[in-house]
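Have a look below at one chain only, the form predicted on its own, in structure tokens format.
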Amino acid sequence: MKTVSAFIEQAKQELQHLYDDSELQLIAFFLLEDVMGFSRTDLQLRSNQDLDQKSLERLNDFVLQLKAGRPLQYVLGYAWFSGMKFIVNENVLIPRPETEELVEWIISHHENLNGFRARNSILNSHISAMDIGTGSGCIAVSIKKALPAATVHGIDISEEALLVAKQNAEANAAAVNFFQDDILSMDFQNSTGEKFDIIVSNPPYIRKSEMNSMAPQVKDHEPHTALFVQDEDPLIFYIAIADFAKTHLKENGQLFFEINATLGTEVRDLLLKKGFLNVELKKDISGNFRMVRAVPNHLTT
């Protein structure tokens, strides 16, 4: 038999080459929370508790996967985002805190549109949103949960990612319309139909030259098609989505992007060149420019 504290010490020793001390403590908690249902208080009060064999085997399997470099969220099979649990696997990016900040920015704007709180007014029923490159569906589902009467769409080129997104929408009771499409295709660009109050995207934006500076847990496990762009054309997705937004946003509709912190000026200049108005760069909690908002000038479209 092994106690909880003995397992934690063993896990820390086996994973110390990958994580610092504070990360190791959090990882130990997340593993014990998943397997044993522990709270943070339990971690202290039950440190001398013996682990049963089945639980210990599962915990040891998790540690083996982490030791091989697999991200914690993929090991557990889920990640928390906007207070909700989202299924994640190697077909989708792991949701990040800065993406959560982007969603909060979108929601705060539309909840206070024209001085009203949209979730309590008729304005909400008229709001429509499209999440381009939806991945796990975390952005689309979070918007739908915050603005429940809104119509929300999510698109992705990956069929496997869309299967995950649909599972997340169902698990979180969010009626989101998901469909497969390629944002770089002319068919998508020329599509007609519904116009949107919100178009949002967290597209691939990491240049391939940046790959070697990334943690192996990211570059070796998360989907490259959702992460990387060619160095010679790092704004390819921003250009395509901006062009789409010019003809598919309603009057006073807004375009929101998550961006590479090193390309904020370039994204802002791109949007200004394409005739967007009120282009606003916003810093994340770490002080980096990681998101942008803009309004199309329909007189130029």
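In this text the structure is predicted, and so the values were computed from the model without any measurement. All residue numbers are counted from 1 along the displayed sequence.
If you look for the form predicted together with a small molecule, you will not find it shown, but the lines that follow are about it.
Participant: The small molecule isn't shown here, but in the predicted bound form which of Ala226, Ile206, Val75, Ile157 has a heavy atom within 4.5 Å of it?
Facilitator: If I apply the 4.5 Å criterion carefully, the residue I get is Ala226.
Participant: Let me know the one among Leu93, Val176, Ile106, Met130 whose heavy atoms come within 4.5 Å of the small molecule in the predicted bound form, would you?
Facilitator: Of the listed residues, the single hit is Leu93.
Participant: Please determine whether Cys138 contacts the small molecule in the predicted bound form, using a 4.5 Å cut-off between heavy atoms.
Facilitator: It does: once the small molecule is placed as it appears in the predicted bound form, Cys138 has a heavy atom within 4.5 Å of it.
Participant: Considering non-hydrogen atoms and a 4.5 Å limit, does the small molecule approach Thr134 in the predicted bound form?
Facilitator: Yes, Thr134 sits close enough to the small molecule in the predicted bound form that at least one of its heavy atoms falls within 4.5 Å.
Participant: I'd like to check something about Asn202: if you look in the predicted bound form, is any of its heavy atoms closer than or equal to 4.5 Å to a heavy atom of the small molecule?
Facilitator: Residue-level check for Asn202: yes, a contact with the small molecule.
Participant: Could you tell me if Thr99 has a non-hydrogen atom within 4.5 Å of the small molecule in the predicted bound form?
Facilitator: The answer is yes: Thr99 has a heavy atom within 4.5 Å of the small molecule.
Participant: Which one, 211-219, 138-146, 177-185, 164-172, holds residues whose non-hydrogen atoms are within 4.5 Å of the small molecule in the predicted bound form?
Facilitator: In the other structure, the partner sits against 138-146.
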